[in-house]
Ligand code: G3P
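As a starting point, one isolated chain is supplied in structure tokens, in the form predicted alone.
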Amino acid sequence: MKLCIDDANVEKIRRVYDLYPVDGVSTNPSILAKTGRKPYEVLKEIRTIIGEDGELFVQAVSPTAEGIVEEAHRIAAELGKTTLTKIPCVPQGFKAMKQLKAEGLRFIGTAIYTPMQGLLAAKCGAEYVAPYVNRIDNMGFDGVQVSRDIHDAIVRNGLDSGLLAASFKNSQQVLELVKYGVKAVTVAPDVIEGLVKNAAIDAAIGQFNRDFAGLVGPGRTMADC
């Protein structure tokens, strides 16, 4: 399972990359807009943080297949071969996906709310498909179950694709899909931090430290006692 950061704040990305086993960064137009910076400026800075091997996801915004293909070529040229263009799963998006697949460019299907959107993107050759878990919940449906349905449809039809599940509000949603064996999740930095944020953990470590200080003296560790 790959773990990606769903953000474009370079300081948050730098902190999470420093602490956790992260595989890449996912962005979208709204996330980029929050930075107030030029898109390629911030994306290139993210690339320097995650290195050449980290996967970077960048969304196309053109309304036509021809425009999406043009954007995909520019995105790959500017940001490297481990950058995937995110393409909305709408008719013009599917058309663009078929062309990009024939050309050998990497892409994923995004803005997925229904299982058939995910299945069609996978059939078009999308390396990942990205259901919006919490947004689906907010529509009155079960985002985790919709994501499972897409995962099952891909696996049972033998398609070479997998989920990059997105839009999580809490760690429990992440856990449910990780247990199910999805290919990847992309998670906001605060939710990633919440994966290991627990008062019981802090209390246990605090007790260990107090007991050790009582044994060898304050401030000492196993390196100098």
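Position 1 is the first residue in the sequence shown; the rest follow in order. Keep in mind it's a predicted model, so treat the numbers as computed, not measured.
Below, we refer to the form predicted in complex with the ligand, which is not included among the displayed structures.
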Arg135: heavy atom within 4.5 Å of the ligand in the model of the complex?
-> yes
With a 4.5 Å heavy atom cut-off, would you call Thr35 a contact of the ligand in the model of the complex?
-> no
At the 4.5 Å heavy atom threshold, is Asn28 in contact with the ligand in the model of the complex?
-> yes
Any chance Val58 has a heavy atom within 4.5 Å of the ligand in the model of the complex?
-> no
One stretch from 174-182, 38-46, 159-167, 65-73 that, in the model of the complex, holds residues within 4.5 Å of the ligand by heavy atom = 159-167
In the model of the complex, which residues of 95-130 put a heavy atom within 4.5 Å of the ligand?
-> none
